[in-house]
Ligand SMILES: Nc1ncnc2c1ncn2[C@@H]1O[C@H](COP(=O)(O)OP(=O)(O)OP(=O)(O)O)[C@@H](O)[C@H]1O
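One chain is shown next in structure tokens, namely the form predicted on its own.
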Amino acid sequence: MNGPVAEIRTAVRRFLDEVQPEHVTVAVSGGADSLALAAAVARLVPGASAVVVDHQLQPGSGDVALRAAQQCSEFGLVARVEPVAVEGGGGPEAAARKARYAALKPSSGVVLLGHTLDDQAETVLLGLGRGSGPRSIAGMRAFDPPWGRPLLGVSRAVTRAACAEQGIEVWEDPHNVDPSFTRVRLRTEVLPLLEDVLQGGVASSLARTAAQLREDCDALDSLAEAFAGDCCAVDDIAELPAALRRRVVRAWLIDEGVPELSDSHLRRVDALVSEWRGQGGVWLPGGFVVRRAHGRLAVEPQS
């Protein structure tokens, strides 16, 4: 059998054959991407389950969530709705994402997310525009335990076609057409313009670029592991190439409990090694400061 349904099932089957999870849960929103994924999983994985997160940000969201859970039950999945409270800093998108991932995190197995090739392209463009460094431009991983993204090589058009082929009614999230969200403008304005100017294939090209960068990042991270441990001794890392040195410093900071490191944070800490002029400490998220003294770096609580 050829066509969109077969393409999605093939992508899911390949992912499952590689990962061999002990249990599979599908995160479902009611949109075409997650419903197409859920239908494929129901066909391929007996005993799989589905979780529908209700962010409670729109009128009638509870009804939408219940309908999506009912659809998943009709597919043959064990489905439930998980209401969450969206709160905290970083903007509504970041707060909703944090609440969603907290609700979805499993005790075992993997949670499959319906991110597509188009989502990957948008992620790469966001990282590029924000100057967030190679990790951001490298996009999303197909498997980042416990999260699985088997549809990263499948276009959004294919998931829509698969739902249509199977008679699956999809929910259209009004946030997906709200231009106040940066990702929506990338989707509806920037990517179509790039496709026009560059004569097509932009989303696939961005996804290939992300894959190449992930390979490079993984290679450098592997080399950086050789310097794990007492990397706060400046002389031990000062002569390393900048890309490798920053990875060593980043790993050390994460081990010290520093959260949410950006590229600019990392470069300022790295300057304590590579551009030392007796400067003061570098303030970091989570209430930390990094200082250099007596040829060593040290992480301290902000006073």
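Numbering starts at 1 and runs along the sequence shown. The shown structure was predicted, so the numbers you read here are calculated from the model rather than taken from an experiment.
There is another form of the same protein, the form predicted in complex with this ligand; it is not shown, and what comes next is about it.
Here is the short version: of 113, 162, 121, 72, the single residue with a heavy atom within 4.5 Å of this ligand in the predicted bound form is 113. Only one of the listed residues (28, 249, 48, 40) places a non-hydrogen atom within 4.5 angstroms of this ligand in the predicted bound form, and that residue is 28. In summary, the region of this chain contacting this ligand in the predicted bound form, judged by heavy atoms within 4.5 Å and restricted to 7-15, 291-299, 20-28, 277-285, corresponds to 20-28. For the marked spot (52, 97 and 149), a heavy atom within 4.5 Å of this ligand in the predicted bound form is present in each of the three residues. For the chain shown alone, residue 137 is not a contact residue for this ligand in the predicted bound form, no non-hydrogen atom being within 4.5 angstroms. Remark: residue 143 does not count among the residues lining this ligand in the predicted bound form, judged by a heavy atom distance of 4.5 Å or less.
Shown alone here, residue 224 lies farther than 4.5 Å from this ligand in the predicted bound form, counting heavy atoms only. Of the heavy atoms in residue 104, some are within 4.5 Å of this ligand in the predicted bound form.
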